[in-house]
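Only one chain comes next, encoded as structure tokens, the form predicted on its own.
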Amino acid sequence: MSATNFLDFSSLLRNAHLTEWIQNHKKVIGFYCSSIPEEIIHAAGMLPYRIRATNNLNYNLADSLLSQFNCSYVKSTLNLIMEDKYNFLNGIVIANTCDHVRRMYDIYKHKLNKNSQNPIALFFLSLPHLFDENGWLWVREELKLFQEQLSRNLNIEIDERKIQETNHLYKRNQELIRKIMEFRILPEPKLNGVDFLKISIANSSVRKEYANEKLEQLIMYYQQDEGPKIENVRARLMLLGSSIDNPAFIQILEHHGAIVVSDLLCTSERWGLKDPLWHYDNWNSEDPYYPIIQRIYGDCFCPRIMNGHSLRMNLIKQRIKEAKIDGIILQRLEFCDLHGCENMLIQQEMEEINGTPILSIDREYLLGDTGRLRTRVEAFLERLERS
């Protein structure tokens, strides 16, 4: 398999690595959000798998359990679950990261598991919505509780030594993603936003040992002098807002010669953040839970952290300088209150105060009126060129 074939994993729910893993009678645990302790799942000898809505075509089944006022991404994943497309999961971990994802726990508990001949293990994490000392300690208690529940429910041993080994593996994975991110911000970028999202999705769908091997191959591929180069770029864009797991959406944004060189999406660039967003200094860094808490809590870029807006803005401004951004595209899924409020604040501060051009888009998960979206993007690029 060539290095670039790894990107094709983004178009399949069951990739080759996952299929082999399941055939060897090994367990898979699904999760929705980047604020889930994958490291503990991995240390337990299982495959952490980020749930996505890839290839969903409608909401016919999900509409029986969720109203039209729910997030269409969550509805899409539920539709796939009800179509048995996720029947390879042995368990699922859900947290109170947003109301729409939070509701999936209740749907599993009171509907899906009760009506299934093979109910899956169900886990819930309660996470804080503020950065502070109490929040840090709270997360650590939640991690310990989750580890105990995982061990008990699935009859699996998880020791701290294994967690420490996994932390090193995940740290290496983030380093490799950061190296690949650097190819995006070159004067002549070597990969576009579509391909970087594909890499990120594939990375969240396999065990990290396998992912690291493929990422190293990709780095060697992009380092070649004769490797790909993207020339004649009309505009360098930053993409912010709701999570995206459909490369076709970014393809629309890049259709007219623009390129997304930074995104800070929870499904993409946030995984490779170099510097801590927020840090709690009074904690023992030798604690095996320390890097996990830092990743899922201290580095949480999500607007659900209510006192983190100024920190998020600082990171956005830093990335604008590093990646030489010409304009920002703010997008949110309909009924996504968190990013609806955050996007409004970002637009006011970045466009009205800092003068950074912004295009704001409300969207549904299923791509419908792509022609109108392309027209809006084209008009935005013309605006950037005039300025």
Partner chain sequence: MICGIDVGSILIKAIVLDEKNSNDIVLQEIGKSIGNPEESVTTLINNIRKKLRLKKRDLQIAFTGRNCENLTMNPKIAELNCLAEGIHTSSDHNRIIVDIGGFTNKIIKIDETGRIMDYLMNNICSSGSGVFISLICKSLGIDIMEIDTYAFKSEHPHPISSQCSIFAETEVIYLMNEGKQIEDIVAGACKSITGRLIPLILKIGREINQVLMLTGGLAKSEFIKQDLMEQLHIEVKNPSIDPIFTCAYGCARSLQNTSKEEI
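Positions refer to the first chain, counted from 1. Only a predicted model underlies this, so the values are computations on that prediction, with no experimental measurement involved.
Just so it is clear, the following notes concern the form predicted together with its partner chain, a form of the same protein that is not shown.
Screening 315 to 323, 61 to 69, 28 to 36, 44 to 52 for residues having heavy atoms within 4.5 Å of its partner chain in the predicted bound form returns a single hit, 61 to 69. Judged against its partner chain in the predicted bound form with a 4.5 angstroms heavy atom cut-off, the residues Pro276, Asn284 and Asp287 are out of contact without exception. Although the partner is absent here, Arg374 is a contact residue: one of its heavy atoms lies within 4.5 angstroms of its partner chain in the predicted bound form. Residue contact with its partner chain in the predicted bound form: Glu364 places a heavy atom within 4.5 Å of it. Its partner chain in the predicted bound form comes within 4.5 Å of a heavy atom belonging to Asp369.
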